[in-house]
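A single chain comes next, written as structure tokens; it is the form predicted alone.
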Amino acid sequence: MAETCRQFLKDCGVDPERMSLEWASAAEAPRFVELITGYVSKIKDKGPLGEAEGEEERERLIRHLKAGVKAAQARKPRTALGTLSKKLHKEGNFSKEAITEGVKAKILPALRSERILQEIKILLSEGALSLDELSKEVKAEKEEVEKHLSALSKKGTIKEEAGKWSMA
């Protein structure tokens, strides 16, 4: 799961090195202090969120993360995780390779798709935007954005006028 988180942070525009998962038992106080001190030092070296990522607009990065949180809570990625778990259990294969392959094939695409959808909703709630503007803001290919715009339009959630999309 840690690698899934790192890859998803990367998709959201965050340096995946900002996330760390280490184990230390209650009996390993010196190790715990060492881990925390090292992590804090690493984050301080990276600077404020957005600086290490090369993102000039901190608000854009925060929007990516807000959409990412909503994506992680959505049904499709959670269903993909459950489906992968069942598949691994059925096959009896819990190797790192099988898990990594399953995460790359099912979970990360579901998270990315849902992040893009959530970010489109956030952006359109703030005002009308063109397909090009949406693609640039969510850092996605036009085809990925068009798929979501089509689905939202069919549901009556959004509308297009003069090449600009807005909430209905």
Partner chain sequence: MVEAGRSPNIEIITNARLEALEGKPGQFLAKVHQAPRYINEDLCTACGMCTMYCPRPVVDTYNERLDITRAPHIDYAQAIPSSYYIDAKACLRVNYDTCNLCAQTCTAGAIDFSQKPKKLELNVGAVVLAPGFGKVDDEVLEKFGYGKYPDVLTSFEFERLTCASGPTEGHIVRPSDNKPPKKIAFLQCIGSRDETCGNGYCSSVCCMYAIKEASVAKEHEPDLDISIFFMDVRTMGKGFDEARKRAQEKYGINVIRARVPRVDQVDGKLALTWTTPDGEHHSGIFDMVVLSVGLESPEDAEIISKVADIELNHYDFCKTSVDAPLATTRNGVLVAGAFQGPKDIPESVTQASGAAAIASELLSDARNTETITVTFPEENVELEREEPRIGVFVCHCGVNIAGVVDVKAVRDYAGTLPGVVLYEDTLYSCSQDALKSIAEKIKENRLNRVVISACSPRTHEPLFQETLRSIGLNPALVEMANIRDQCAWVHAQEPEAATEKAKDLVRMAVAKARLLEPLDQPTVDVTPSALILGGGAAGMASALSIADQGFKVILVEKSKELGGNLKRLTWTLDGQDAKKVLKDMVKKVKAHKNIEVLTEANLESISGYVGNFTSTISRKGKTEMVNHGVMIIATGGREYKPKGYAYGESPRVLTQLELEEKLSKGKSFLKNARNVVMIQCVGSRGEDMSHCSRLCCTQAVKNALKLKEVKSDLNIFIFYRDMRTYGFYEDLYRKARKQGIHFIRYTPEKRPEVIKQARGIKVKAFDPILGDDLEIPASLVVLSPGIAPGENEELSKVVKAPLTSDGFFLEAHAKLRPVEVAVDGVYLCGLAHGPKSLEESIAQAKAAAAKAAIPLAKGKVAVAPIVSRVNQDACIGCGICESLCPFNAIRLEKVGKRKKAQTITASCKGCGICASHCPTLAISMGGFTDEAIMAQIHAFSPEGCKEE
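Take the two forms, superpose them, and find the largest set of C-alpha atoms that agree within 1.5 Å; that set is the rigid core. Numbering follows the first chain given and starts at 1. Small disclaimer: the values here were computed from a predicted structure and weren't measured.
The next section is about a form of this same protein that is not shown, the form predicted together with the partner chain.
When the partner chain is placed as it is in the predicted complex, are 139, 148 and 153 each within 4.5 Å of it, taking any non-hydrogen atom of the residue?
The answer is no: none of the three residues contacts the partner (heavy atom, 4.5 Å cut-off).
Answer with one of 121, 70, 106, 112: the residue that has a non-hydrogen atom within 4.5 Å of the partner chain in the predicted complex.
Exactly one listed residue reaches within 4.5 Å, namely 70.
Give a yes or no for residue 95: in the predicted complex, does one of its heavy atoms lie within 4.5 Å of a heavy atom belonging to the partner chain?
No, residue 95 is distant from the partner.
Proximity of residue 60 to the partner chain in the predicted complex, heavy atoms at 4.5 Å
No, residue 60 stays farther than 4.5 Å from the partner chain in the predicted complex.
Output the sequence-ordered list of residues from 79-100 with at least one heavy atom within 4.5 Å of the partner chain in the predicted complex.
Result: 79, 81, 82, 83, 85, 86, 89.
Rigid core fit then residue 85 CA moved by 2 Å or more between this form and the one not shown:
It does, since the residue 85 C-alpha is displaced 2 Å or more between this form and the one not shown after the core fit.
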